[in-house]
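So this first bit is one chain, no partners, the form predicted on its own, shown in structure tokens.
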Amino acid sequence: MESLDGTNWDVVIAGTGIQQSLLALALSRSGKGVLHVDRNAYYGGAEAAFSLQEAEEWVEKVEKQGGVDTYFSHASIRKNLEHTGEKAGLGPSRAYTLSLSPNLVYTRSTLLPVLVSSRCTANEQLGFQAVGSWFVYSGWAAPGDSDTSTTHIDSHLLRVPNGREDVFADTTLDLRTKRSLMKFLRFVGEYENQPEIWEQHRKKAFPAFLLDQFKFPTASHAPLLALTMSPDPPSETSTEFALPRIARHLRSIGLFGAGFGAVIPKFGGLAEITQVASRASAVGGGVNVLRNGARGVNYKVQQTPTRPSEGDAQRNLSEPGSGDAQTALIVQLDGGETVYADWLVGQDADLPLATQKYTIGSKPRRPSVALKSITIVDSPLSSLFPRTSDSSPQPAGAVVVFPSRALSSDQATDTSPETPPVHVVVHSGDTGECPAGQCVLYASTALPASSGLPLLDSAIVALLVGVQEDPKPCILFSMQYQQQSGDTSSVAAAAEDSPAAARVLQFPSPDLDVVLSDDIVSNVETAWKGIMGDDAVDFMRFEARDGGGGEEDEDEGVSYGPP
């Protein structure tokens, strides 16, 4: 296409984040004319992944913008330029793929069936690696037998039991604790059917619920809190939040193979999914354009479309046009072109600021701000990646949780202030994100940069000391950045008074949760149904096309790495 100027589209999608990319695929393969634009030079938006050089360029860009019109701020990079020793230092820039969103994806996530039914996983376009073990830092010590066992890596890190078999095999737990833990595991497996036990405590802090209902001593709470992956301190983690998260963890184990219940996308986290979806959209007739975003929008016609009520966002918002002169929107692009469309869809950072929008879904749950770091170390950290059973695949991911107060100088006394936990997701070289023999550590905590940076630094140092690798692991590269979630309440209120608000749809800001939210798929389906109207049939279910190649090949299913 020589020029976009004056062209007509059913839908213009701004930004190439995971929600926009999946929507572009869904609409293009459903027969809609889709123009997919992004003002960045790379795919993924807030879910992008970078080489070392690209990461440096991104940090420089974030700092120049000063947090304006972006989700990111306080970005910096530290390199170890004096690395010496037997092990190799940093490899070439392209040997690394560092993800801004290295989310864990549980095997029961709604995303995986959608990727399969849309044929994004055909011909192994997308690969996934198993996340094996969860560990808790020594802010928690199990009561009972202190003898060493395979559960312990050392005196600082303790492996969290993955289920009943692990509980019985764990020699660090006394009999009373094992019985209480088994009772809880039986309960949480079908907690929905036992409301009399928990519903009256739904707003109560989860540790208080454990103590009152199951007589768990405080010292035993940290492993269960770790399975919730809650960003909040224990006193702010409610029972109604914790129970479904622990149930999801346990119910996911064994679904696609023995010994694991979560996976990570290979070669760059969610960024790889956005690129595969965008390529598949192009196969379906969509047009992808980088370095060209949506700068402004005006309304060409003045009819008042029907705006959905709170519980009716899926029905036809108004009769879609056909991409001709009757289209509702005039969209100005950053490159100076003007295009015409029935719909404009994106996230708040990608849509024109002055535009009144209708927000799909709801604001992400806390946290509203998180400090994150990406650290490359010159060690395989092998002790973090044991096979969890004889028949399980070799894990490429591990989770280390530093509970509230675990990193404080007074060692978690009742008088020390509660801090949010620190979550560190460790990726081995098998993920394709770094050379073999190295690891990438993705750390996050629900604090701003001013107070969170010392906590993340302490967690990384404590982890590297705790694994007791020989020789001692060395940090080669570290990148820190603050990510904030946009506040959609003001734009949603403004949209109430706009007669054409439903023509511009806004996805929620990226969720800062370490675990991928199922809201992503439901938001995409809601937008797709609203745009498709009466033609909304079989969301993300596509037949193979003749001619083969790419996502059209016959191979289906999700690849989970080598056995």
Partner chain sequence: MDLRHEHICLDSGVDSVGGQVANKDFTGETLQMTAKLLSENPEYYTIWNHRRRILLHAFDEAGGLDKDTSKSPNESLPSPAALDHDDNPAAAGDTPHKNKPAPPPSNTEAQKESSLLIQEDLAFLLPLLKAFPKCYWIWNHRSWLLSQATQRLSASMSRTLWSNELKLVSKLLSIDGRNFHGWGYRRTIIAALESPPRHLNTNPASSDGGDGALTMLESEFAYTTQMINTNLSNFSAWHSRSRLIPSLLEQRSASRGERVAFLEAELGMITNGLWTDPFDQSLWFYYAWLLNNVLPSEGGSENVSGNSDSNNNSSSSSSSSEQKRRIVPDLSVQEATDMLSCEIGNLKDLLDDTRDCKYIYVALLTYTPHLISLRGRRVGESRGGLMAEGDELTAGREERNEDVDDKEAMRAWLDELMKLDPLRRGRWIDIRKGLDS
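Since the model is a prediction, treat every value here as computed from it, not as a measurement. Numbering follows the first chain given and starts at 1.
What comes next is about the form predicted in complex with its partner chain, which is not displayed.
**Q** Which among 418-426, 106-114, 158-166, 376-384 is in contact with its partner chain in the predicted complex, heavy atoms within 4.5 angstroms?
**A** Among the listed stretches, the partner-contacting one is 158-166.
**Q** Determine whether any heavy atom of residue 88 comes within 4.5 Å of a heavy atom of its partner chain in the predicted complex, and answer yes or no.
**A** Flag for residue 88 set to no.
**Q** Classify residue 196 as contacting or not contacting its partner chain in the predicted complex by the rule of any non-hydrogen atom within 4.5 angstroms, answering yes or no.
**A** Residue-level check for residue 196: no, no contact with its partner chain.
**Q** Does its partner chain get within 4.5 angstroms of any non-hydrogen atom of residue 251 in the predicted complex?
**A** Residue 251 lies outside the contact set for its partner chain.
**Q** Do residue 190 and its partner chain share at least one heavy atom pair within 4.5 Å in the predicted complex?
**A** Heavy-atom contact with its partner chain at 4.5 Å: absent for residue 190.
**Q** Exactly one of 472, 295, 179, 202 has a non-hydrogen atom within 4.5 Å of its partner chain in the predicted complex; which residue is it?
**A** Among 472, 295, 179, 202, a heavy atom within 4.5 Å of its partner chain in the predicted complex occurs only for 179.
**Q** In sequence order, which positions of 507-543 have a non-hydrogen atom within 4.5 Å of its partner chain in the predicted complex?
**A** Not one residue comes within 4.5 Å of the partner.
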